[in-house]
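There is one chain below, alone, in structure tokens, taken in the form predicted alone.
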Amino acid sequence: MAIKLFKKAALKKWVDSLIAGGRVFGVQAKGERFAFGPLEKAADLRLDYDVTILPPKKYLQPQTEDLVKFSKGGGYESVIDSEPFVLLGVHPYDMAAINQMDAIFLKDGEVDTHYKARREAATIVACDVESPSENVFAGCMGTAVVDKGYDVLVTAVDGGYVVETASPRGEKLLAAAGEVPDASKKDMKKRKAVQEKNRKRLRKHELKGEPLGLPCLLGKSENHPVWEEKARLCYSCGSCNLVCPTCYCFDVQDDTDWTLESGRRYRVWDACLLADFAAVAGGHNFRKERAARFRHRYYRKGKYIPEKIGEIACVGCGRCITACTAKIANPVEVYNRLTEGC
């Protein structure tokens, strides 16, 4: 695979060529914050951002997504979005989250066809972090650097950007840049230094112990007082879920037009902190108490998903900490509290 050194002007020219060739979604400033959105010109791209408001998973599992169109009389048609697009500027922790979603939605025998179509349509350009956000703790979770899942990796170094392809699709994407010099050994050492630095500095909250010890810790913490203490302040708003790059729960709904002649079945993001998330037929709710819902969020991240795929379903992006107005959603704070007395 190719490893090139782009100067700033060359990178801008390359990005503009990608935009001219099809759909590109990249990180752009939204006031003082940043968000992924349709990219119209390279000048708007911000690879130096700290963290986006929503994770890039929204392009693989949209907030609202049509599944089936149906009509009176029994006719129906699956809705599959397979239009190619480039996802530009994915941070390592978000790439790690996408890799986890791949393990969930593309599991043999349980493939989600809608997710699969979008994932195969995506060409992902990841980028190493330049500006750590105030609540990131990816360094504690082993996700400050990523080595798989992406098609191209961009790293800002002194003198330009080291750009490495990791797949045939990435090679094709890089070909649009034309003649660009190869990265030197010195450039590669600079990239390694950036990544080593990120492993140390993306630790705004320090986790006690190793992440892979969380399933065992949670296994003996079901009745810990922290669940009730934190839940007393919880608004059950679900903000922590909705900004999380590894939350993938959804609700499926049907909607018919006013003529009752046709309609659609679609899915929307759901959140386990919402009061009615666990409501079922007959008026029952098996997670009616806020403390039970609050605890479930942490068990899902630190125990249930690891038991399925062998990875902790928290990548340390810190979005939940920022989004929570009650200031109770910090996973590091909760997990560190559980270690007391253990």
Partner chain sequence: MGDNGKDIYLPAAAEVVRVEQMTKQEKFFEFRLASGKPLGHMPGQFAEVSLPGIGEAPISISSSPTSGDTFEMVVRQVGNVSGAMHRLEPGDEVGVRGPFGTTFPVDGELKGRDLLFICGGIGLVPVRSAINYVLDKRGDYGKVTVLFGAKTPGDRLFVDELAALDGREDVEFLETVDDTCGEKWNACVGVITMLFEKIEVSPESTTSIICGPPVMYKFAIMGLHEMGFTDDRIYVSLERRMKCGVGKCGHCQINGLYTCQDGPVFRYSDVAEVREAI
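Numbering follows the first chain given and starts at 1. Just so it is clear, the structure is predicted and the values come from calculations on it, not from any experiment.
Heads up, the form predicted together with the partner chain isn't pictured, but that's what we're talking about next.
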Report the stretch among 125-133, 69-77, 164-172, 90-98 that approaches the partner chain in the predicted complex to within 4.5 Å, counting heavy atoms only. 69-77
If you check Lys204, Arg199, Lys190, Lys116 against the partner chain in the predicted complex, which one has a heavy atom within 4.5 Å? Lys116
The single option of Asp158, Glu83, Asp251, Asp147 touching the partner chain in the predicted complex, heavy atom within 4.5 Å: Asp251
Flag this candidate site as yes only if Ile104, Asp112 and Ala279 all have a heavy atom within 4.5 Å of the partner chain in the predicted complex; otherwise mark no. yes
Would Lys208 count as touching the partner chain in the predicted complex under a 4.5 Å heavy atom rule? no
Report whether the minimum heavy atom distance between Lys308 and the partner chain in the predicted complex is within 4.5 Å. yes
Is there a heavy atom of Thr256 lying 4.5 Å or less from a heavy atom of the partner chain in the predicted complex? yes
Wondering, does Asp108 line up within 4.5 Å of the partner chain in the predicted complex on heavy atoms? yes
Since the partner is left out here, which residues of 209-225 would have a heavy atom within 4.5 Å of the partner chain in the predicted complex? Glu222, Asn223
